[in-house]
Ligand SMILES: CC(C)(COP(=O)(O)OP(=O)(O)OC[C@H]1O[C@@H](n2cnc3c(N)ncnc32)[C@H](O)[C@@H]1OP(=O)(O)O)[C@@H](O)C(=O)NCCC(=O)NCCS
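Consider the single chain below, provided in structure tokens and representing the form predicted alone.
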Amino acid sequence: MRLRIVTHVEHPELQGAVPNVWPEFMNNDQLVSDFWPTLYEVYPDFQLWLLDGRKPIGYACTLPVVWNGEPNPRGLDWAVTDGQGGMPTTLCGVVATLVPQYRGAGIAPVVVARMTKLAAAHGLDSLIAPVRPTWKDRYPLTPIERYVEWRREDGFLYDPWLRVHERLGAELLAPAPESMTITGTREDWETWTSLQFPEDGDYVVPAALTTVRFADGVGTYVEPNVWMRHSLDAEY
């Protein structure tokens, strides 16, 4: 493998070249969807493309924000709304992903380190991220506040993606229990998931980190993430 990391400024033609690896319902947070084009139009030098030689294999999106040092419970939704306006202080990691066949190959730490260097290059004070815990979908009934306390016998965090950040020196700040909010009709959710939701109540949905709650025929999913912070003083 010949890993290369380039910015959107350098290679704008790569937009859309990486297959969508997210579950369909994840594309329907209205706040994030409305803001998404701004990432590439206004902040192209903050968006990274991952290549194996010339082959696109993933991407990482970041966003400069105005942060007062307090981890906001709205996580990603905060970053694309209240985190905007004024002079940016901090770089916020929005998303990072690889196509499945490249996962587990040691690429993730390289990507996080590059995001941290991007923050330093733009004169920002640190890198923060509302991290989506990789294995939380295995435990959708467990509150995020308890999940983040789980650790392995070696003392490191149980969740693999949180552990990548921790091994690189990141500080776990707090859960972001309302990081994304996705709302849709019963028909929407049945299209997104290929499941049926015959009555109101809470449902476990594949790839969801917590349950989807239906009331009066409308399903609402509020995704929990975890705020982590990388100091620019750390060595990568």
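Just so it is clear, the model here is predicted, and its values are computed rather than measured. When you see a residue number, it is the position in the sequence shown, counting from 1.
The following text describes the form predicted together with this ligand, which does not appear among the structures shown.
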**Message:** Taking a heavy atom within 4.5 Å as contact, would all three of Arg186, Thr191 and Thr220 count as contacting this ligand in the model of the complex?
**Reply:** no
**Request:** Could you spot which one of Leu124, Ala113, Val95, Ile144 gets a heavy atom to within 4.5 Å of this ligand in the model of the complex?
**Result:** Val95
**Prompt:** Quick one: does Ala120 come within 4.5 Å of this ligand in the model of the complex, counting heavy atoms only?
**Reply:** no
**Message:** My question is simply whether Arg151 lines the interface with this ligand in the model of the complex - judged by any non-hydrogen atom within 4.5 Å.
**Reply:** no
**Distance check, Gln84 to this ligand in the model of the complex, heavy atom within 4.5 Å** = no
**Request:** Answer for Ala129 alone: is it within 4.5 Å of this ligand in the model of the complex, judged on heavy atom distances?
**Result:** no
**Message:** At 4.5 Å, heavy atom to heavy atom, what parts of 52-80 sit next to this ligand in the model of the complex? List them in sequence order, or say none.
**Reply:** none
